[in-house]
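The chain below stands alone, shown as structure tokens; this is the form predicted on its own.
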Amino acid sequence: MNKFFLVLSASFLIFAGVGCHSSGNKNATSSADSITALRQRLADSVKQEFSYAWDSYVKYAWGHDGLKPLSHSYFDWYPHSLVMTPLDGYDTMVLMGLTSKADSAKRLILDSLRFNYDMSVSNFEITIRMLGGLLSAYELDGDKKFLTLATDLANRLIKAYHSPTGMPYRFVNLKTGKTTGDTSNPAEIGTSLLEYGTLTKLTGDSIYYKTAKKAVVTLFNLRNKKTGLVGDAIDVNTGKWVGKESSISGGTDSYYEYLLKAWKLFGDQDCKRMWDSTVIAINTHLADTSGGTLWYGHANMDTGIINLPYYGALDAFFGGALALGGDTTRAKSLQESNFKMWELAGLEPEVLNYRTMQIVNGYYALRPENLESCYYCYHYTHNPEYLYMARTMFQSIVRYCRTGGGYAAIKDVRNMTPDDMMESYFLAETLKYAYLIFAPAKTLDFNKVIFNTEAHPFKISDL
């Protein structure tokens, strides 16, 4: 395996033209053929590791939300399982051509998934994982039972938006509709445009997109008008900011992402205008340079002055967003930073002080964002450098996170101690992006889909 990866690294560099002089079309064709073969072998390796992780789930956690790989057990988010891992991972199985695994997951989902439970759930998490998964499954598979489940779930979740401002409460009871969680954040408020818009498109009922968009427009209008920034905590009843830290990190990240992607997915010009204004504010106030590459720090939303040089695994999504938005120059610089962060300890940390390059929080939660940005950068530049980065990341995940019962998160990348947790997004996102960057382009037409923040692909179309 090590020898193979050494050869692979050299091949990527040769293909990029490093240390290689003009030697005619024959050699160029040979290099291209070689890189195609190497990419296929890597794609097959990712598929093999996905199968291993899924088989571990089947063996130890079947019917439950997630796998505990060290104790060979399972966990559920709530009193009743929502079979989160099978649903989150279903479209990855379809894209990988793992037909028998996809069929068994589909049977489990359709036979057991119900939502009429008296339990309070996270509106944000259930929207991106469950509603997004059901909608993507329907668009890929065509079985109307997926759409029926999606509509039932959305009709329960939409009650979270019954606040005085139209911005959603954080939690909603699936059976009673009771809401809790008055203080929310931009990500949890603004991350349903893609799911609700897709449901509107598929059902013809405009209430879903109108509801999600009202929340987003309200939030956007509450930004600081001088800096253009939003904070990190807001009261959804009053619209008053109770936390004024602005960043691209968790708690805000997917709000930005969905402004861009709602424009790309539905052609929504309001979202384009909001994205254009927002990305200027981000690049004006949060962008920072250290060590010769681009980073994004934390600032007060009112002053726009960076007061915390922190960047981490969740922030790494922004390189892909910049590339999707057309700014490949910044995207390439930021991906250099992302890869520096990854190589610092062998896996990326949750939080890094980018000025001192000291790890602040060493947890690695099997997150996908770095691979995601690699995928976007490769699509828009075709630079083999990103194949090398993706290969390095995939290899290190296998090296440090593979256990005898699946894949485990890492408590601290400074000592690589495993944690007994494999979240569903490892199958939905991390291994999907790792696979797609190596797989043939025909596997998924990048230009015909937009991924939600859980990497569920939705077909591009006007509402």
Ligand code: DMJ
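For clarity, every value in this text was computed on a predicted model and none was experimentally measured. A residue's number is simply how far along the shown sequence it sits, counting from 1.
Not on display, but discussed next: the form predicted together with this ligand.
When this ligand is considered in the predicted complex, G133 lies well away from it, no heavy atom lying within 4.5 Å. Remark: D288 does not count among the residues lining this ligand in the predicted complex, judged by a heavy atom distance of 4.5 Å or less. Contact check for I128: a non-hydrogen atom falls within 4.5 Å of this ligand in the predicted complex.
The closest non-hydrogen atom of E385 lies beyond 4.5 Å of this ligand in the predicted complex. Residues T200, A212 and F266 are none of them found to lie within 4.5 Å of this ligand in the predicted complex, as judged by heavy atom distances. Partner contacts here mean any heavy atom within 4.5 Å of this ligand in the predicted complex, and among 119 to 127, 339 to 347, 297 to 305, 202 to 210 they occur only in 119 to 127.
Just one of Y407, Y425, Y57, Y435 comes within 4.5 Å of this ligand in the predicted complex, counting any heavy atom, and that one is Y425. When this ligand is considered in the predicted complex, only one residue from K101, R223, R367, K332 comes within 4.5 Å through any heavy atom, namely R367. Residue L314 is the only member of 297 to 322 with a non-hydrogen atom no more than 4.5 angstroms from this ligand in the predicted complex.
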